[in-house]
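Listed next as structure tokens is one chain, alone, in the form predicted on its own.
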Amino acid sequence: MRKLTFLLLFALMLTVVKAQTEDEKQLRAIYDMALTKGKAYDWLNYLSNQIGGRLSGSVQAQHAVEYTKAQMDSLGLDRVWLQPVMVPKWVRGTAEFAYFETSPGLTTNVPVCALGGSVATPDGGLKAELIEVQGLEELKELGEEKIKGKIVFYNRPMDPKQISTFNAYGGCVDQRYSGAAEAGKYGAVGVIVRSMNLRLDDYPHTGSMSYGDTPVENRVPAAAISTKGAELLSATLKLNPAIKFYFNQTCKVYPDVQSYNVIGEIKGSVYPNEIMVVGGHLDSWDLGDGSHDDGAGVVQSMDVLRLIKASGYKPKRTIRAVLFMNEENGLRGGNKYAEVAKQKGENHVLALESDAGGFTPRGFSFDTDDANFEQIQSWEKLFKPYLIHLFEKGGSGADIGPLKEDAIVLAGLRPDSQRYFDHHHAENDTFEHVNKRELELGAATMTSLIYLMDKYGPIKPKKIKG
């Protein structure tokens, strides 16, 4: 009996070792292909330099839809299609202009840009006195008496003590998103918001904002000011509280227009009805060309399908790349994809998103149960030769969030974040700031996780008998 038990354990150990060796070889093949024959960088070059910024509803966004569909068609996938989705159309208009006036005729120009979704200033621009605050909570303390008729200057910076720059971003982005709606309640005539950027530079960073239920006629214009501009403005305001600020922007909101999510898939050979999604968002802001946010995630997701096919691996489950439209100012693409999936009764078992830039990959964060997370943690040693060490529970991605339910594993690629907000939503989010090797490492890392999740499958939750 002891001998039989020993033989069984020995056989099991050999099976585990053999599986680990196979997985090591498969990951090595994936990384080798990505680093020597990758397509992500070439695709991004075209997307960024030939098409440019891809704001939802724009001609450039439509060109991006057509281009990425054509590229996925060329990969010989089992199916490629467009999923219609209605998206908002906001147009920036002519270049914004701003200055502050310390005395009549004595002005200093500062870099600003309209926040996405903002209304325009009155014809000829808006000039008023300023009041500086560190956040939304200060508005209540000041009250209408001190705010009415003025431009509110939100100047709470990202916290440099936060090692995770996304935590620093989360700590102050509320003033950008809700600042205009809240300031308008106290009679403010406009809003200027410090850019979400840890670096001091002259690039204003745009981003989405919301007026909530504020009637259209009561909405006030909102713009971002560069971090250097904010520092200068704040210092000057302390010396001379009576200075006036002027800005002019001609942005406009148009009726919704039709756009598309771009989808391609490899059909599963064993469990075709179990769907694994990998994706990024195809739209971007219009100031740069959207290379990091989120051209990188788009081309990495496309390359996952190409690398799976090129490696010769036959997936058991259906692997689907989804290029979501309208993450930046509406999340319409992510919501539409989840809505259609629910209508069709599709069974999504994994969704992986890349929307944190094309920098060096460090690992993943997972929104899942303990059983699946423990299985995923057991794969850490396979990733360590590629310096991928981060496996933690946390958020995943905005576009895959609407798919969330108990049975799905949601994951987000986590690149090094230290430089991300230097470029986020700004004019310098451009192709030359993406490193080819880092981008390719990210594509290989995503492909490797997809391979392991497909081979071993997610752990399904146990049904509790009632």
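Quick note: we count residues from 1 along the sequence shown, nothing fancier. Please read these numbers as outputs of a predicted model, since none were measured by experiment.
In what follows, reference is made to the form predicted in complex with another copy of the chain, a form of this protein that is not presented.
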| property | result |
| --- | --- |
| The unique member of Ala95, Ile163, Ala235, Leu106 whose heavy atoms fall within 4.5 Å of another copy of the chain in the model of the complex | Ile163 |
| Candidate from Asn428, Asn49, Asn435, Gln62 lying within 4.5 Å of another copy of the chain in the model of the complex - any heavy atom | Asn435 |
| Stretch from 138 to 146, 387 to 395, 262 to 270, 78 to 86 whose residues place a heavy atom within 4.5 Å of another copy of the chain in the model of the complex | 387 to 395 |
| 4.5 Å heavy atom contact, Asp42 and another copy of the chain in the model of the complex | no |
| is_contact(Lys404, another copy of the chain) in the model of the complex, heavy atom dist at most 4.5 Å | no |
| Leu441, heavy atom within 4.5 angstroms of another copy of the chain in the model of the complex | yes |
| Contact test in the model of the complex: Thr360 vs another copy of the chain, heavy atoms, 4.5 Å | yes |
| Contact set, 417 to 436 vs another copy of the chain in the model of the complex - heavy atom within 4.5 angstroms | Gln418, Arg419, Asp422, His433, Asn435 |
